[in-house]
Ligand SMILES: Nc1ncnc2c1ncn2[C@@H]1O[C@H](COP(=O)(O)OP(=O)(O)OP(=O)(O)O)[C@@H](O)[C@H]1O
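A lone chain, given as structure tokens: the form predicted alone.
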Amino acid sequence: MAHAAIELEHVHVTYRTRDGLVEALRDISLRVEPNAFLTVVGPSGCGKTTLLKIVSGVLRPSRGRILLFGEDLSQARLEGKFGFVFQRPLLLPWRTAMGNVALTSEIVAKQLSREQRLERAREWLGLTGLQGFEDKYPHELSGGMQQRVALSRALSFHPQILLMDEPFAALDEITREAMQGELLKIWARIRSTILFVTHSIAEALLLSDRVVILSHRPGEILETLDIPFERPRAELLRGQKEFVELVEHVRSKLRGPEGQLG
């Protein structure tokens, strides 16, 4: 069997607080195939972001093992195999859009000349719909534009794995839907493996090949769904009966013991 892009084997995460030990994730075993788009949904505080942190190597699991393309996580980190898009753009205010995107290649592609880095940055900004805004500073861009810059920055070195932590959560509904469409277009072109976290059930079903549903803390996998809708997907999918029924199925899984959403 070929190596998975991401493989978690019986991962547990427990951390210490002032009030004692807190169990964040319990016995997570998960396999994400190369070029797949997998989304994790779950109630607030269930460990979704913690899951991304242990895949990125920012946080070490208390127990269990993580492999990227069959390699130990530390080796994959050294090789720069993944990019990260956060909830907020986290752009450097003193750099232009192009300067922010070029920052990644300055770190992981030092063999490139300055001209090559800027040309690569220009290409990605064009791909995310920001042609003509290359020389604008973050304060001159809307929230949606800033997030496009952040996405361009993460993609500019062609990561094999892209980790995305609720990247569209702060955007208005119209901009969010536009960004979802842009992401699908870009992913169809680059085919990186994407591990995506969101609170939005509809967003998860629209974007993903598979959706993992986590329980209330400690986060355990309640169900893994294979999404049946063919690609490419359009906004009209949201109104179809099968889509609405699947949204309700996931929502029912996320309801707490008293029937309330977490």
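Numbering starts at 1 and runs along the sequence shown. None of these values were measured; they are calculated from a predicted model.
Although not depicted, the form predicted together with this ligand is the subject of the following passage.
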property: Listed residue (50, 208, 56, 200) with a non-hydrogen atom within 4.5 angstroms of this ligand in the predicted complex; result: 50
property: 17, 24 and 166 each touching this ligand in the predicted complex (heavy atom, 4.5 Å); result: yes
property: Listed range touching this ligand, judged in the predicted complex by heavy atoms within 4.5 Å, from 40-48, 64-72, 223-231, 26-34; result: 40-48
property: 4.5 angstroms heavy atom contact with this ligand in the predicted complex for residue 216; result: no
